[in-house]
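Below you'll find only one chain, the form predicted on its own, shown as structure tokens.
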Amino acid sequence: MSTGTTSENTLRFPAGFVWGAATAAHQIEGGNVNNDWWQWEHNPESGCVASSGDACDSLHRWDEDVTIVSDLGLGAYRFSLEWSRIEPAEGEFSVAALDHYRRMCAACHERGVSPVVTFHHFTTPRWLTDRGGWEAPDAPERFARYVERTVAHIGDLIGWACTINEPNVVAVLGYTVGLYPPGMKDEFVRHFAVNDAMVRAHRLAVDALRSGPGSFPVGITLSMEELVAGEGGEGTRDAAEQILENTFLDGTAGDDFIGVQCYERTVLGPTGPVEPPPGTRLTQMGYEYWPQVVEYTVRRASAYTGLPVVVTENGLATEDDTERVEFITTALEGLHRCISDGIDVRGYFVWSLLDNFEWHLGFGPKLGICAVDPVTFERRPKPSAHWLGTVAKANALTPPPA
């Protein structure tokens, strides 16, 4: 894999490098009333600041979203399937829902965009959560059955497949931090059990995807941070890496790629995270502005797994779109250094295509390269969208003027 410079300030990416934008069904579709997150966000004790409601109305406006991706010059669109639409009751599959997602995949191909399909992005059908969710003994098998049925319907149109989005986040925020359903705090034994269940679910899903129609790369996406040991924090850092990352990285043997999703760094002391010092530059999400996380996590994921790496999510929560371009530019410079050092990096996906429902934080954080009117749902590409499209079409990064 060769890279080079077309001028002193231009960084060229490898031929075939994939440039894309990412979304998730619950964050943009609207009206996903049959999953655990809809129930959670309507629980007044959950801490959620808003309901997803109509979100971005992408259930009906998905064709506009695909068209925007294509018009910008991006080569791939990563979106997720809503399991609770496809299997609204246990063992009952909706052909209409499967046809809907098949149309999405077909529209991507018609516009020269590769559909990157995620099978689970945080939301689980209520019928399964009523039986314990990922703690149900047969949860991995139920997930694999859904994947098998779905790939039989749309597999011939899939470009890339991601089994589970950030299983480590589902587990830690659901069972240790308590911000995500089922809202458990410091339930470490249950947290570790869910980790194991989701690794098993991933492995079964990989087998299901490979047994169906189509031929496409298969992997998992993992939330990774630059975890730094502060004074006396080496043991805490090592334990955090093992629980939050290595457990899942160990489950990727035989996969076609590892999806890295990275936004921040965390400094850890003897008892946990250390707050950034006063004056630290922060994002709307409340964590440190740290675009260097891309280079760090890509190097770590590659060294640990030996797999090709795709940055399946990276971006910035900000109202200042100039700041977003600055952040992504620095991130891509680090990614280019990884490639120049021989690391097999296959693509970069910005999070997100649209300003959308950011889980327990509602619609406040703005991570999209397109704004969305909350009443009319009109999509308005920001300057960062056009800039990233220019980068993608050139397959090269020219840093903006200082």
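A residue's number is simply how far along the shown sequence it sits, counting from 1. Only a predicted model underlies this, so the values are computations on that prediction, with no experimental measurement involved.
Missing here is the form predicted in complex with 1-deoxynojirimycin (NOJ); even so, the following discussion is about that form.
A.B. asks: If you check in the predicted complex, do Phe79, Thr163 and Arg346 all have a non-hydrogen atom within 4.5 Å of 1-deoxynojirimycin (NOJ)?
C.D. replies: The answer is no: none of the three residues contacts the partner (heavy atom, 4.5 Å cut-off).
A.B. asks: If you check Phe327, Phe143, Tyr263, Tyr175 against 1-deoxynojirimycin (NOJ) in the predicted complex, which one has a heavy atom within 4.5 Å?
C.D. replies: Partner contact (heavy atom, 4.5 Å) among the options: Tyr263.
A.B. asks: Using a 4.5 Å heavy atom cut-off, which residue among Leu204, Met285, Leu244, Ala229 comes into contact with 1-deoxynojirimycin (NOJ) in the predicted complex?
C.D. replies: Going through each option in turn, the one that passes is Met285.
A.B. asks: Answer with yes or no whether Cys370 is in contact with 1-deoxynojirimycin (NOJ) in the predicted complex, where contact means some heavy atom within 4.5 Å.
C.D. replies: No, Cys370 sits far enough from 1-deoxynojirimycin (NOJ) in the predicted complex that none of its heavy atoms falls within 4.5 Å.
A.B. asks: Taking heavy atoms only, is Phe122 within 4.5 angstroms of 1-deoxynojirimycin (NOJ) in the predicted complex?
C.D. replies: Answer yes; at least one heavy atom of Phe122 falls within 4.5 Å of 1-deoxynojirimycin (NOJ) in the predicted complex.
A.B. asks: At 4.5 Å between heavy atoms, is Gln27 in contact with 1-deoxynojirimycin (NOJ) in the predicted complex?
C.D. replies: The answer is yes: Gln27 has a heavy atom within 4.5 Å of 1-deoxynojirimycin (NOJ).
A.B. asks: Any of the heavy atoms of Glu87 lying within 4.5 Å of 1-deoxynojirimycin (NOJ) in the predicted complex?
C.D. replies: Looking in the predicted complex, residue contacts with 1-deoxynojirimycin (NOJ) do not include Glu87, since no heavy atom lies within 4.5 Å.
A.B. asks: Please pick out the stretch from 164-172, 123-131, 204-212, 68-76 that is in contact with 1-deoxynojirimycin (NOJ) in the predicted complex, where contact means heavy atoms within 4.5 Å.
C.D. replies: After filtering at 4.5 Å, what remains is 164-172.
A.B. asks: So which bits of 348-371 sit within 4.5 Å of 1-deoxynojirimycin (NOJ) in the predicted complex, heavy atoms only?
C.D. replies: Result: Trp351, Glu358, Trp359, Leu367.
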